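Just the one chain here, the form predicted alone, laid out as C-alpha cells.
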C-alpha cells in the first residue's frame, strides 16, 4: 500500500470500528455460524431490514469478520468468532464499550482538551467521572463490566508471562489493589501454593459473589475479598499488585495511592505495577494510542519507566526493575521500600 493509501486507511478507520460495533450490537455474530446462512434469514431472526442487513454483512465480510458466499449467504470466520458472546476470549464487551455512544461522544472533546490543557472529557460530556457514570447508568455499567472481564482475561495472560521468572518464594501474602473479580490474583495463587491473597476492591464490585473467580479456580480458602477505598487505606501485605490501576489517575493521585500502600506495608514490602509501558520515540506502541484514550476517559496517562520511577520515589519507594513479557503488551514494574 502506498503512503497515500496508508493515510486514507487511517482516516477511514472509524468506519470499520463503527460497522463492527453495529454488527455486535445487533447480534450478527451470535446469529451466524460456520454453516452458511442467508442474509434474509439473519435479518428475520434479528428483526432487521433484509436489504440493509445484507449490506452490513457484506461490509463485515470485506473486513474479514464474516465470509460472504454465493446467493447472499454468510458464514463465520475465525476472526469473527472473537465477537461471539460465548467465546472464552470474547471481545464483544470491549467493542460495545469502546465504540458505544458514551465513548464515541467523549472523543469530540479531544481538540479542546489539548488546547486548554484540561483532560477527562467524561466530565466535559456528562458532568461527572467515568466511575460515577457506571453507578448512574445501568446499561453502561453492564457493558463496562463485560469489557473489563474481557480485558482481564488477556491482560492476566500477559502479566503472568512477564512474571514467569519472578521469585515469589518470600511472598506469603499478596494484595491485589483494584483486583476486580480476582482473575489475576486467583491465577497467581493457583501457581504459587505458599501464598494467600487479598483482593481489595470497591463493594460495588465484590458484592456480585457469583462473578468472583477464587471459588471457580479452587483457591477460595486462600483468597479473601476486602471492600475499601485505596485513596483512604489499604490492607497490610508482603507485596501489592496493581494491574491497569495507576494509569487511570494523575501523578498526584498515584502518589497518594502508593503512599497509602507504603504506610500499611512492612519494611520488606514490594509493589508490582502492571501497565502498558511507553517505550522510546523510535518505537511505535499501543501504549501511545492508549494514552490518548486515557486523556479522554480519566485524569491518568500511560507512562514511561522513568515516570513510574519518579512517582514511586515520591511515595517512598524505589524502582527495582521492569519485567517484560515474551509476548503481549503489558510489563510489570517492581518497587521496594526506600531504605
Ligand SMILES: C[S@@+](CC[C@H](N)C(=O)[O-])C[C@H]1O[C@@H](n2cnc3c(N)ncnc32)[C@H](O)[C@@H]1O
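Positions refer to the first chain, counted from 1. All values derive from a computational prediction rather than experimental measurement.
Separately, the form predicted in complex with the named molecule exists; it is not shown, and the next lines address it.
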item: Site test, 35, 43 and 66 vs the named molecule in the model of the complex, non-hydrogen atom cutoff 4.5 Å; value: no
item: Answer option from 162, 213, 91, 230, heavy atom within 4.5 Å of the named molecule in the model of the complex; value: 230
item: Single option in 83, 269, 219, 245 placed near the named molecule in the model of the complex, where near means a heavy atom within 4.5 Å; value: 245
item: Which of 164-172, 107-115, 195-203, 259-267 lines the interface with the named molecule in the model of the complex (heavy atom within 4.5 Å); value: 195-203
item: Contact test in the model of the complex: residue 131 vs the named molecule, heavy atoms, 4.5 Å; value: yes
item: Non-hydrogen atom contact residue 119 with the named molecule in the model of the complex at 4.5 angstroms; value: no
item: Residue 95 within 4.5 Å of the named molecule in the model of the complex, heavy atoms; value: no
item: 4.5 Å heavy atom contact, residue 100 and the named molecule in the model of the complex; value: no
item: Residues of 179-195 having any heavy atom within 4.5 Å of the named molecule in the model of the complex, listed in sequence order; value: 179, 180
